[in-house]
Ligand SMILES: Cc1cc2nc3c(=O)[nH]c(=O)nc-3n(C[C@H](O)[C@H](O)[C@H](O)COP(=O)(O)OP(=O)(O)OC[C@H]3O[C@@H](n4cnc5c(N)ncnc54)[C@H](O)[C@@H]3O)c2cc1C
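The chain that follows stands alone, in the form predicted alone, written as structure tokens.
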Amino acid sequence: MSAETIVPTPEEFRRAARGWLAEVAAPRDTSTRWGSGSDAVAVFENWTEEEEHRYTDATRDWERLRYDSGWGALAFDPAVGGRSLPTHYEYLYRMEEADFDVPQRTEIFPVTCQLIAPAIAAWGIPEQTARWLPKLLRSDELTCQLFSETEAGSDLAAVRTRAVRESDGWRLDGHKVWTSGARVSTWGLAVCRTDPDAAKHAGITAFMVRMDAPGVTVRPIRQMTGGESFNEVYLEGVHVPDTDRLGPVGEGWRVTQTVLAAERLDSGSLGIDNALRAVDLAGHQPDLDAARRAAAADLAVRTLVQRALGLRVMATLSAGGQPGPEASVGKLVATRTLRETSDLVADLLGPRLVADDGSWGSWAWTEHVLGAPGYSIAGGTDEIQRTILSERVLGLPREPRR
């Protein structure tokens, strides 16, 4: 934050944000009664490519308006369109925006602005931050993560995609998987092995790869819910200029840690809306027995605990600190909320969950039940989070590394 930056109080900031939102958006309609309106509770979107492009374009228009009006890129430097406000002011803005009818961001937008843009700010040289950040923060260009691989899973240090030096850059060859937003992205942040003889967590380098470069092939993955939110990305002889390398050679592991730490912070509120919808479902069941009442109450309490954890992270940010293990705790609690929501809904609906009888708020839950387990893998598996907590909080022996 620069010495000249004038930081409004949270109350002043929220009042100003609400005033701007009232000028450009209609209030969100909260009068919808149970049994009417959309009953969608999907964890992962089930779009066709055409639908994904159409919704992305609509959201992009909103993000551009927000950026141009000074309400995007809040924590970034004014040189790239930001306001140098404390990080938690983004969360304050979102709390106000939730009361207005604006496009709901799909995953690719926070991946671009909350995960990869901060990594570029942290690791990019001045020429790179000036070239990439304004376009990314305005959503003119979007960026996906090219991290996971079929034989590496969440163990990013085991990536096999190779990057070999050429005279004027690098040649990339490999296969990435579970890539969200690849079809609408201009760039992909790829983690590649540049030194196969180095130790597991060394010899890795990060690159920004144009998704329309020769040799890049995107193939959608059909989900069991019917949609195609994820993709495989093949990199076959892809040339990347050295000017698109992010961070020093061999420091890719540290670059990915910057991205993943932000991802865990961003996932802490996952599943709360659907959990509360499940509690509502319980409230509309006739003759709810004591066991189901208790399960619904437990889930409602869990959402309060999850919100409290989110406030703790925000308090750390507002105090000028960087959340550490509590981000992993938030991720674990969120995935547990998703699972317990599925359990309650399955118990309440019984056969109606798997047979579409046309009734409101029953068959729609299949998309939650089938999608929820995915978040125990996405953003670092539950096992990865427990390893972080065991080593950094409990002080247990570190996992053996080669």
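In case it trips you up, residue 1 is the first one in the sequence shown, and so on. Predicted model, so just to flag it, every value in this text is computed and none were measured.
The next section is about a form of this same protein that is not shown, the form predicted in complex with the named molecule.
Peer 1: Considering only heavy atoms, tell me if residue 374 and the named molecule come within 4.5 Å of each other in the model of the complex.
Peer 2: Answer yes; at least one heavy atom of residue 374 falls within 4.5 Å of the named molecule in the model of the complex.
Peer 1: Just checking whether residue 388 would be counted as a contact of the named molecule in the model of the complex - the rule being heavy atoms within 4.5 angstroms.
Peer 2: Answer no; every heavy atom of residue 388 is more than 4.5 Å from the named molecule in the model of the complex.
Peer 1: With a cut-off of 4.5 Å between heavy atoms, is residue 177 one of the residues that contacts the named molecule in the model of the complex?
Peer 2: Result yes; residue 177 sits at the interface with the named molecule in the model of the complex.
Peer 1: Does the named molecule come within 4.5 Å of any heavy atom of residue 107 in the model of the complex?
Peer 2: Contact check for residue 107: yes, within 4.5 Å of the named molecule in the model of the complex.
Peer 1: Out of the stretches listed (179 to 187, 295 to 303, 160 to 168, 210 to 218), which one is close to the named molecule in the model of the complex, meaning heavy atoms within 4.5 Å?
Peer 2: Flagged stretch: 179 to 187.
Peer 1: From the list 89, 76, 147, 123, which entry has a heavy atom within 4.5 Å of the named molecule in the model of the complex?
Peer 2: Checked against the cut-off, the match is 147.
Peer 1: Could you spot which one of 71, 230, 132, 253 gets a heavy atom to within 4.5 Å of the named molecule in the model of the complex?
Peer 2: When the named molecule is considered in the model of the complex, the option within 4.5 Å is 230.
Peer 1: Taking the named molecule in the model of the complex, which residues of 35 to 55 have any heavy atom within 4.5 Å of it?
Peer 2: Only 44 sits within 4.5 Å of the partner.
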